[in-house]
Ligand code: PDD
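In the form predicted on its own, a lone chain appears below as structure tokens.
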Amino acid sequence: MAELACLNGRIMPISEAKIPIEDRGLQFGDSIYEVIRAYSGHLWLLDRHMERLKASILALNITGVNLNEVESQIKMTLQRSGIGDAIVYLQITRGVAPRSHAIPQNITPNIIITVRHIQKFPEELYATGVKAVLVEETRWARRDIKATNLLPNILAYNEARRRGAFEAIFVDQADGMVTEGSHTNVFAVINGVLRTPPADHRILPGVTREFVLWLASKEGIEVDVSPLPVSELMEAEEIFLTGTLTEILGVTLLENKIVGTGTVGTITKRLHSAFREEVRKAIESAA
């Protein structure tokens, strides 16, 4: 099993993959990305990731991308690597051109794929829950585009680490509304109802977030997708985070306040169990 890169259709060791210095992804962050998880060789929710990728491409008007070829390259690289439990990173840059703020026309995008062994979170985190902290929302207004301009997310995440927390949750200071985590979406159970902010321009429409909403409906859990004030989040009975790597992870400490009873909540556990069952069924059906 080997960790591999695929650069514009050519598979190679990751250390050999190179892009020109004038690539606009490097110079301007003029690029988009997706992170896809493979369970036992099965690319989980690939269709939904590709749909979101298409939306990002259209939003930034990146031309010259054949999505069918991109999907084939993802599958080919994963298969060639031989890694069953993998993290697949896909980045599409606008391409190479002399540095200028003006967007050049008719350049060829660079398509970069890496397949690596996944670094799983310890299972005890799902049993005990994690700490999260609140940080001020400082990002641009189009968080619905999965662009590679992630410096505010990185700074927020490292602030959370400095404060002994797993995740930083952004709060818009203009209206006191929760948006999302530095690398996760946020859910809360308030008065028995599952709450999460709407997928507008202020959050990334997480693939796992969307799947959890479907799971909740399937499980008969009442859901309210609407703006979530931080004051209500602070009083939630349960809080959990969702993401491709995170799956569904309970928050039992917010800032220095115990969430609910201080243990991972019933709805959080129920949804994570249902999530894992859907993964199991998908792996079996693909075998």
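One rule holds for the numbers: they count along the sequence shown, beginning at 1. This is a predicted model, so every value here is computed, not measured.
Not pictured, yet referred to below: the form predicted together with ligand PDD.
Here the chain stands by itself, but in the model of the complex one stretch of 92 to 100, 77 to 85, 204 to 212, 125 to 133, 204 to 212, has heavy atoms within 4.5 Å of ligand PDD. Using a 4.5 Å heavy atom cutoff, 33, 181 and 185 all lie near ligand PDD in the model of the complex. By the criterion of a heavy atom within 4.5 Å, residue 230 is excluded from the residues contacting ligand PDD in the model of the complex. Contact annotation: residue 245 falls within 4.5 Å of ligand PDD in the model of the complex, judged by heavy atom distances. For residue 49, a non-hydrogen atom is located within 4.5 Å of ligand PDD in the model of the complex, even though that partner is not displayed. Contact annotation: residue 153 falls within 4.5 Å of ligand PDD in the model of the complex, judged by heavy atom distances.
Using a 4.5 Å cut-off on any heavy atom, the residues of 136 to 160 that reach ligand PDD in the model of the complex are, in sequence order, 139, 146, 153.
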